[in-house]
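Below, in C-alpha cells: the form predicted alone, a single chain.
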C-alpha cells in the first residue's frame, strides 16, 4: 500500500483525477463544508499516521481558500502525518513583492511566511516572479517552481499549423523565446513606440515574413485580457489571421474571457485554474515532479 495520500480542495477534481492516474498516490477522503455562520468544518477520513500527504489547491481568489487549506494542513499534522506538502498550480500573492507606496505591506513575503509555517514543501507552476527570482528567497521550506513551457509548446505543435509565437509586450519576450524554441517555430515580440500619454504605436517587426503563419500570443497570465485584445487588433490590421491566445494561468477578471472571445480570439489556458478554456493538462508535468520532490 502506498504511503502517499493526495487531498484535493474544491475546484480541482479534473486535475486531481489526472494526477492520481499518473502516480502511485492515493486519493484522500475528507469532509469539508461550512457551518451556517461561515466557519469551516473539516474531517479527515483516512489514517494518515506516519504517511506523506499533499494537498492540491490552486490559490486563485486566495482569501476564501487559504483558511480551509491551513486548517486541513494542521489537521493532517495533528493526526500524525509525517509530512504535509502543498501542490499549488497557481500560487497567489506574488505581485506585491516590494513596498511601492508608503504604508503598504510586502504581502508576498508575509504570505510565504504563512505557508512555510504550515507546510513542509511547496510545488507550483510558473509563479509570477519579478523582483523575487527564486521562491527560496521568501519561502523557508523546499519550494520548487515548474514551467509549463513544454506543455504549451506540445499543444501548439499538435493544434496549430505554421505557428508564429508572439510576446504581446517586452515583459513576455523570455516567455515567447522559450516556447518557440520548444515548439521549433519562429517568434517575435510586439514593439511599442510612445508618442504621448495616449498615443502608442504597436508594430510587429518583419510582419511581411509571417503573413502565412498563425500568430500565437503567449503569456504567463491573462487577467483583464486587454493586452491580448490590443495586440490581436494590431496583428489583424497588419494582415494576419486572428491569433490564438495562450496563458498558463487564466485568472480572467469578470467578463474578460467573454470579451476576448467576442473579439474573435481563441483562448487556451492550462488547468492550473479550472475554466472552460483549459486545454493544456499540467498533470504530466506535476506528476513527474511528485515522483521526485521533495525527496
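Numbering follows the first chain given and starts at 1. Everything numeric here is computed off the predicted structure, so don't read it as measured data.
Note that the form predicted in complex with ribose-5-phosphate isn't included here; everything after this is about it.
Q: Contact between residue 43 and ribose-5-phosphate in the predicted bound form at 4.5 Å, heavy atoms?
A: Answer no; every heavy atom of residue 43 is more than 4.5 Å from ribose-5-phosphate in the predicted bound form.
Q: Check whether residue 74 has any heavy atom within 4.5 Å of a heavy atom of ribose-5-phosphate in the predicted bound form, and answer yes or no.
A: The answer is no: residue 74 has no heavy atom within 4.5 Å of ribose-5-phosphate.
Q: Please determine whether residue 213 contacts ribose-5-phosphate in the predicted bound form, using a 4.5 Å cut-off between heavy atoms.
A: Contact with ribose-5-phosphate, no.
Q: Residue 149: heavy atom within 4.5 Å of ribose-5-phosphate in the predicted bound form?
A: Outside the cut-off, so no.
Q: Counting any heavy atom within 4.5 Å as contact, can you tell me which stretch out of 115-123, 150-158, 75-83, 167-175 lines ribose-5-phosphate in the predicted bound form?
A: It is 167-175 that comes within 4.5 Å of the partner.
Q: Can you work out which of 138, 182, 221, 106 has a heavy atom no more than 4.5 Å from ribose-5-phosphate in the predicted bound form?
A: By the 4.5 Å criterion, the partner-contacting residue is 221.
Q: Quick one: of 95, 162, 99, 206, which gets a non-hydrogen atom within 4.5 angstroms of ribose-5-phosphate in the predicted bound form?
A: When ribose-5-phosphate is considered in the predicted bound form, the option within 4.5 Å is 95.
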